[in-house]
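For reference, the chain that follows is the form predicted on its own, supplied as structure tokens.
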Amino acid sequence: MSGITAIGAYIPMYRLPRQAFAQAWGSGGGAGERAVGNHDEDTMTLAVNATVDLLNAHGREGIDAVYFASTTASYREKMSAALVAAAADFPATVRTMDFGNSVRSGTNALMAALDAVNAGSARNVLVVASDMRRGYPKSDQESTFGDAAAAVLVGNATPAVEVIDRVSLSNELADVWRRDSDQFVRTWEDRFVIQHGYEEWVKKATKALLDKTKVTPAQITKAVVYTPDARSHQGMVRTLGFDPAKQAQDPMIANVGNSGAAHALLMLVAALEEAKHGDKILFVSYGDGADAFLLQVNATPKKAKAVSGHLKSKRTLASYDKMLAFRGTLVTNPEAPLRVEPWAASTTSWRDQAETLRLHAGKCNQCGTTHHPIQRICYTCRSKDDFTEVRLYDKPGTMFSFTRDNLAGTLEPPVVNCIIESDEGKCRVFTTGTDMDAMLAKVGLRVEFTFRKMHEGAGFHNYYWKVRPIAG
């Protein structure tokens, strides 16, 4: 029987207190805080970092498919799963597939992964969902939404979490939507959206699954039920017959926000971190219908940081204005006289993919010197074209030297330009710091690589691996 063998997640380091929304608009906001992607993060970087988190726990052997889900993919015409697979350093033989257009696309991808494994067309499918949805300024969605990504690995070789059964229902309803020309999410009147959308279809899917499996709410250890907001979650859990205090999984609206297509899977990952042998988990997602799963826990899935690790690592965002600037809603002074104009070419991106997207270095087969960028001629022993490519991003490193650049033109000056000495062969890599207080940069600082957006040039996104301090 197929199921989940490993889990991963990524939550941006920045959190914006919701009181900032009330301060900006004079009302609203609510309690808690929401996760906000940095200015160099987008849906793809979140997905890659969640994938890396899962690979740090499980490894990459035997994974033969990558399914990506999002409502806010960085490209409208270009496969996102292929970019995730390349950045995660999978071979070209890995099957890639995109799912989108609904907050239920995360569990749509999970359903497809289970089907592929059950049918024998794949052994292990990595499902990753990521979203950075945007609500209209001054709307409830703006403060309720949060940026995050979650990943699960589906396989059938003695999975830690078995999928006992599942139900999927579809429904056509204009409750929450975004046209191809829209920048922000639109929604109909709240009572209609909740009553005839969320409540009605989550109830139907849950009832259908429990009837099908002959399981009662009392037999469920943990109910992982997607919710658009905290208030709706409490009512739904009670309506389904569960004890909110003992059985309900925290929806993380208070400290992350609703992360769209990633949110149901993010809640599931958080629940599986604490799951014990014998637990039964009800897992329900919503969006243009509902998906419901009954899970049996045999062991805790393999994990690295997952949700709990990322929740511990955070920085408070200075202001609401800064969030708007990060997302491009508020255009700041570009400092044109000082800014280095971004450039790019599709041919260059293709040619340098190994050392940029995959962060490969060349390790000399003669003397063992590891160099980045990859060199045809070893600068130690002068051997030519005799090297093996090695991956750097999954190893930590140490800050070897750095500068603080106040003239680069950025949303977060100064820019920390640095040379990192990787634990992989003491290879030195030139890159940029992120998610850090620039004044705390120092020689000897331990850092980890994180996938980020560098700039937009030639009409496409350009990505690379930056570094940030290792938490703790």
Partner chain sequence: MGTIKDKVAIIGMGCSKFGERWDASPEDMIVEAVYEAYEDAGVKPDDIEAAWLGTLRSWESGSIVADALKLKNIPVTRVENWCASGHESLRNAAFGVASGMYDIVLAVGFEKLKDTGFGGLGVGRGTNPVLQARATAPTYFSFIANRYFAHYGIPEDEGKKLLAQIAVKNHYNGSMSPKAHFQKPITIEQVLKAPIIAWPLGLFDCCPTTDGAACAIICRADIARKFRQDPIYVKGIGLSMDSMLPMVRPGFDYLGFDANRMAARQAYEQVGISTPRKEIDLASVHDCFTITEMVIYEDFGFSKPGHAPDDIRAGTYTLEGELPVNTDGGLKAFGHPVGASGLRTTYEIYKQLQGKAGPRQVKNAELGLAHTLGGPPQVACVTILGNAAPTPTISSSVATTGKRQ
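As the structure is a computational prediction, the values presented were derived from the model and not from experiment. Numbering follows the first chain given and starts at 1.
We do not show the form predicted together with the partner chain, though everything after this point is about it.
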In the model of the complex, the residue from His371, Arg166, Lys280, His233 that sits within 4.5 Å of the partner chain by heavy atoms: His371
With the partner chain left out of view, which of Met44, Cys418, Val52, Ile63 would have a heavy atom within 4.5 Å of it in the model of the complex? Cys418
Does the 4.5 Å heavy atom contact test between Trp350 and the partner chain in the model of the complex come out positive? no
Would Asn56 count as touching the partner chain in the model of the complex under a 4.5 Å heavy atom rule? no
Would you check, heavy atoms only and a 4.5 Å threshold, whether Arg446 touches the partner chain in the model of the complex? no
Test of understanding: in the model of the complex, would Asn462 fall inside 4.5 Å of the partner chain by heavy atoms? yes
Candidate stretches 44-52, 65-73, 427-435, 22-30 - the one whose heavy atoms come within 4.5 Å of the partner chain in the model of the complex: 427-435
For the stretch 368-407, which residues lie within 4.5 Å of the partner chain in the model of the complex by non-hydrogen atom distance? Thr369, Thr370, His371, His372, Pro373, Gln375, Tyr379, Phe400, Ser401, Phe402, Thr403, Arg404, Asp405, Asn406, Leu407
